[in-house]
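Okay, so here's just one chain, in structure tokens, the form predicted on its own.
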């Protein structure tokens, strides 16, 4: 049995070791850049070839539909041989003088990690060469592209930010929130929920406005919204840190170990139970009472689930994407009476496997769990099962078309539909919308115009 796949009696794919086909993950710098774009006035630099930063901008622009600036040290064949110190020093100088950023985040790439460039030492040399200048904070983030995933890159970026900036000065009565790689809409949902609870917070980091900005006459080369550098410094004074993602809690563990700030990790507040747990954390930490508005939203969501139950019950679903999103959606799908028969993530994670096994045991079903696998493996598994819904990013569109299964798009990236940055699944209000979307997808694909369910697939094709 392979470490990166859990076999069940339902497994029908053969293990392959020769290649990754249509990966279910992206490289570490992608996650690091997303974290940095949630910091006000931040400029990310990819220390590597120019193609690396171009790839980041391409993926981020077509998902968020916003202008994205990612700088590059433009490594070439010569600098690979002799090292990229000169390129990084020049890039830092140019960015500092031309853009005047509030913070610079330097992420490595597979190229610079392979040749062994010491970014922290190079950054120290740059600072020492400008002893009398008011330089912005410069944060090195080691993100080798040949290992891990974008989820790991996000985690490392947030940890590097607090390691380099957090400074204790006395308690601020706030809660640090590490959202993980969720949409701008979901960050906004969590912020609105905390406002209703009247709880002060520091988001590490906050892309709710920086990657979902209004159109105006200003041209911003740097994020003009997001977590401020002073807020990140103040994170060392908070009363607790809640990581919505179990795979992005390294910064929380650092703050707990160094400053004694209580760390709470996951799960992503998707659905009734997970959102209840998140609200429970907040009320226990702060002593605040749950307002009537949140209780009302919870009741409406339960009512929506009951209304939708006749259409959703016992339908089998496949979910793929980032590990915390998949496990969160899997539990939510179970609350709808559906069965997450296949779950897949490109991240090799024992936490993901354990969470899915717990969800399966609690709801008495036996899923196929694919961890550290790709979309080829997912497709091979789906071929031999009778599934009725696929949930994940745009890379699953070919699978959905090939197997004639509706695809509910969410996660990253979503590039073949508009509004990906506003897709929201967290909390009760977003949960209500998700119940409607999922149920209406089932109605559209498996019921006729009179509301009668198709009895076989021939009827659907007709």
Partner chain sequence: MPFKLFEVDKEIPDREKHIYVKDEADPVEHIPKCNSKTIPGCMTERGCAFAGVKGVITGAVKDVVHVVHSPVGCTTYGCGSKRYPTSPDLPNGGKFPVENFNLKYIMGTDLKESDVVFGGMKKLRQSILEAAKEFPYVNAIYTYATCTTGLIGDDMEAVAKELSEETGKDIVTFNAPGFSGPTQSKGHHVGNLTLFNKLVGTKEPPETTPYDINLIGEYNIDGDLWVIKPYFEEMGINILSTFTGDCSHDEICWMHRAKLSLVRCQRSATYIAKLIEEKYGVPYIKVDFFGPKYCAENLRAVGKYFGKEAEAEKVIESRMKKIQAELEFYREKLEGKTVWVFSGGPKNWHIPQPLEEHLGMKTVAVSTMFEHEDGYEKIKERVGEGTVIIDDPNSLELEEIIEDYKPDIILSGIKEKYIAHKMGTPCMLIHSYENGPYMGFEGFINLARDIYASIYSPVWNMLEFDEMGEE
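Positions refer to the first chain, counted from 1. The structure presented is a predicted model; accordingly, all values stated were derived computationally and were not measured.
Below: the form predicted together with the partner chain, not depicted.
*May I ask you to choose, among 26, 432, 407, 410, the residue with a heavy atom within 4.5 Å of the partner chain in the predicted complex?*
Exactly one residue meets the criterion: 26.
*Identify which of 386, 314, 218, 362 has a heavy atom within 4.5 Å of the partner chain in the predicted complex; exactly one of them does.*
Comparing distances to the partner chain in the predicted complex, the residue within 4.5 Å is 218.
*asked:* Can you tell me whether residue 51 touches the partner chain? I mean in the predicted complex, with a 4.5 angstroms heavy atom cut-off.
replied: Close contact exists here: in the predicted complex, residue 51 approaches the partner chain to within 4.5 Å, heavy atoms only.
_Even though the partner isn't displayed, in the predicted complex is residue 286 close enough to the partner chain, meaning a heavy atom within 4.5 Å?_
No - in the predicted complex, heavy atoms of residue 286 and the partner chain never come within 4.5 Å of each other.
*in the predicted complex, does residue 90 have a heavy atom within 4.5 Å of the partner chain?*
Residue 90: yes, in contact with the partner chain in the predicted complex.
*Can residue 71 be called a contact residue for the partner chain in the predicted complex at 4.5 Å between heavy atoms?*
It does: once the partner chain is placed as it appears in the predicted complex, residue 71 has a heavy atom within 4.5 Å of it.
_I need the one stretch from 261 to 269, 108 to 116, 200 to 208, 242 to 250 whose residues put non-hydrogen atoms within 4.5 angstroms of the partner chain in the predicted complex._
Of the options, only 108 to 116 has residues within 4.5 Å of the partner.
*Members of 126 to 162 lying within 4.5 angstroms of the partner chain, judged by heavy atom, in the predicted complex*: Counting only heavy atoms within 4.5 Å of the partner chain in the predicted complex, the contacting residues of 126 to 162 are 145, 146, 147.
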